[in-house]
Ligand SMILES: Cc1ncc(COP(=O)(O)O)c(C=O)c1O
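Taking the form predicted on its own, here's one chain by itself in structure tokens.
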Amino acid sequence: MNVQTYTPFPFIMESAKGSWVYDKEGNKYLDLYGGHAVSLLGHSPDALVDAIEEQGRKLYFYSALGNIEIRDEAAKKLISFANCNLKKVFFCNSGAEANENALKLALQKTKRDKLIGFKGGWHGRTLLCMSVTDDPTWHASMPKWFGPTDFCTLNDKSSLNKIDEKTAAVIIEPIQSMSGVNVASIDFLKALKARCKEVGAWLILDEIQTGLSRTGVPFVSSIINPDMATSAKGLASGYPLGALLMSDEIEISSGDLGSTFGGGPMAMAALSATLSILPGADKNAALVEEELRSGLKSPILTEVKGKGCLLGLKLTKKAKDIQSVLIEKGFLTGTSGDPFVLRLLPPITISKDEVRLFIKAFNETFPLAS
């Protein structure tokens, strides 16, 4: 039997198209969550489906032993889209795998053994990722498997003194989505970069949720220029794919990295199609944020957190309860580590009319006092 790792939505999902999901009874739901921020361009965009079908009929799979032109083309497109100092790409299958390899490389190449994460940070379920994820229960359950790790505080420059000459790498999410949509200021990220450079530690930006125009810019890395950045989630619009982007200064030797399915031709076709659709979508993400900030008016809403299409609604009521009510109204949203923050991770192609449907339903369901 299938192991349930999450509590699923209370209906059988039958199909999906664009911003909408349909159940077996024909009911439709506006998807403002996208399966953990994955459906970046909505569900089953025609250009993506066509690209995957065409590639599947041509060359369905070969590992990295195969010299495949579409892989090189996709890497060049991703580097160009990121538009920063990161000029090399390693393809893998997930965000956790990308983060794991970034942390592993830092430990190997710097020959240091200390890692730094951030309070509220979340980076995945592999061992190195768990060590820099702020989850005390994980750390207590597997203490002897984790090396020296410490945690700084988001937007607190005084906490950066924990980063020292023993530190191999620091990993940070520009927006901590899982813990409640906490935004790192650009000023803080620049101070973090300066501290890492001062002591010789590598800076890794975990852009698994913030990348690919979701926050209104292609990648936050284009502003900060870290040593490495990781990407996944919407990277191939739902086809499993992760990527580790690296600066040219990082030397990779044979055997340092490897992934049987990483960079497979089907994933590369999905990535290339995604990148061909994305130009200009950053502007729509910014418009979605503006529409939601100006339109949502309810006594249960105290703050709209985040950027672009990665937003958190700070509520006076438990987010889980509000999520359940919204499902009944035909809207899919997400919860977070903060029980009072409801997450909105809609496709960045969502229309203004669709956003306004949600605003109207939210305001009418949780109205202002008369």
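The first residue of the sequence shown is number 1, and the count goes up from there. Given the structure is predicted, the values throughout are model-derived calculations rather than measurements.
The following text describes the form predicted in complex with the named molecule, which does not appear among the structures shown.
- Annotated contact segment (heavy atom within 4.5 Å of the named molecule in the model of the complex): 90-98, selected among 160-168, 146-154, 274-282, 90-98.
- Contact check for G124: a non-hydrogen atom falls within 4.5 Å of the named molecule in the model of the complex.
- Contact annotation for K233: at least one heavy atom lies within 4.5 Å of the named molecule in the model of the complex.
- In the model of the complex, Q209 approaches the named molecule with a heavy atom inside 4.5 Å.
- Shown alone here, D227 lies farther than 4.5 Å from the named molecule in the model of the complex, counting heavy atoms only.
- Residues of 157-175 placing a heavy atom within 4.5 Å of the named molecule in the model of the complex: E173 alone.
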